[in-house]
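Next up: a single chain in structure tokens, the form predicted alone.
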């Protein structure tokens, strides 16, 4: 039989409470010192171990830095930058009028004829002279002093009806020019005859009669000056290489490159030249020196980019392959001269001067979608 003797626990009293608490604190410190490092030491130890672990890493980095670098064999990618030129010839004539505009201008002239004062005939023509007789004849035919507004009486009961329908022949400029020429042709003989009939009085008639007759015949033979037509010979022949066509429209230089595609003139930028300098060089190398041109500004008006079906090595830079081309277009004007492909250095086969809708017919659709907003409708 084993007897187990336990120490009697002291009964806490107000007198020994402080002693029991001090003994408990000493026991806790004693157990903690036997178990291992303190809590504060346990928290600091990971940082101290990391600091000691960086020493081998620094030595390894120093060894790697002494090794020579190995050059990369991967190719860098880039686009070929090119400068293009939108070279245009501006309109030389006013644009063709819309049928509504033609009718409106004719209405304005008829309205002015109705509101103006009557024509003072005897201020310009002496009564019963050939000129006065000719005036009476013309007034009987057209009912108005104006020669290009058709048959219209501004002071008659139908004078208020001065409107014309859209598409009426009286509103066409060609018809009006024809009426003016007919009036001028009919007036020349009568005016010459009137001058001859006046002559000089008395004995001077016999002396200068021959001279008056010669002068009258000269006036009869003098042709009436005609206006130049709006349609030129190049328009009638359909010559798209001529600048003397579509005088009321803007024309643009389009070239056929060595691949056979119709494009605006362009070439790769060389060295450190700017877009402005490259555009001037492109014009000279494409169309020769026989053109007086002006490159407008230093900022491109648009761009076009496309990618190659197969990547190409860069012609000047090693370890660089070209993904495609990016063309930046500069605006330019031609003031004189004509394109000449005799000495071109870019392999240009042909050229044309085309209006906007004509350019669309010769270039591909993707190229057209990029340049259409750079070209004017007129």
Partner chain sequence: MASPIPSPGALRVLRSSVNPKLHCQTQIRHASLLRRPKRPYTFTQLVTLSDGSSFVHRTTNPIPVYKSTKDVRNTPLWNPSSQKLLNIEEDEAGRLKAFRAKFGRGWDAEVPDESTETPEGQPEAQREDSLMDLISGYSREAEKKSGTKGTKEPAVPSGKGKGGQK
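By rigid core we mean the largest C-alpha set that fits within 1.5 Å across both forms. Positions refer to the first chain, counted from 1. Since the structure is predicted, the reported quantities are computational estimates derived from the model, not experimental observations.
We do not show the form predicted in complex with its partner chain, though everything after this point is about it.
This chain is displayed without its partner chain, yet in the predicted bound form the stretch 291-299 from 83-91, 252-260, 231-239, 291-299 comes within 4.5 Å of it by heavy atoms. In the predicted bound form, at least one heavy atom of residue 144 sits within 4.5 Å of its partner chain. Using a 4.5 angstroms limit between non-hydrogen atoms, residue 100 is distant from its partner chain in the predicted bound form. Its partner chain is not drawn, but in the predicted bound form it has a heavy atom within 4.5 Å of residue 225. Using a 4.5 Å cutoff between non-hydrogen atoms, residue 135 counts as a contact of its partner chain in the predicted bound form. This chain is drawn without its partner chain; in the predicted bound form, the residue among 271, 156, 118, 167 with a heavy atom within 4.5 Å of it is 118. Proximity to its partner chain in the predicted bound form holds for none of 306, 349 and 355, with the criterion being a heavy atom within 4.5 Å. Although its partner chain is not shown here, in the predicted bound form the stretch 92-131 places heavy atoms of 109, 112, 113, 114, 115, 116, 117, 118, 119, 124, 125 within 4.5 Å of it, in sequence order. Superposition of the core reveals a Cα shift of 2 Å or more for residue 114 between this form and the one not shown. Relative to the superposed rigid core, residue 131 undergoes a CA displacement of at least 2 Å between this form and the one not shown. Annotation for residue 252: C-alpha shift under 2 angstroms between this form and the one not shown, rigid core superposed.
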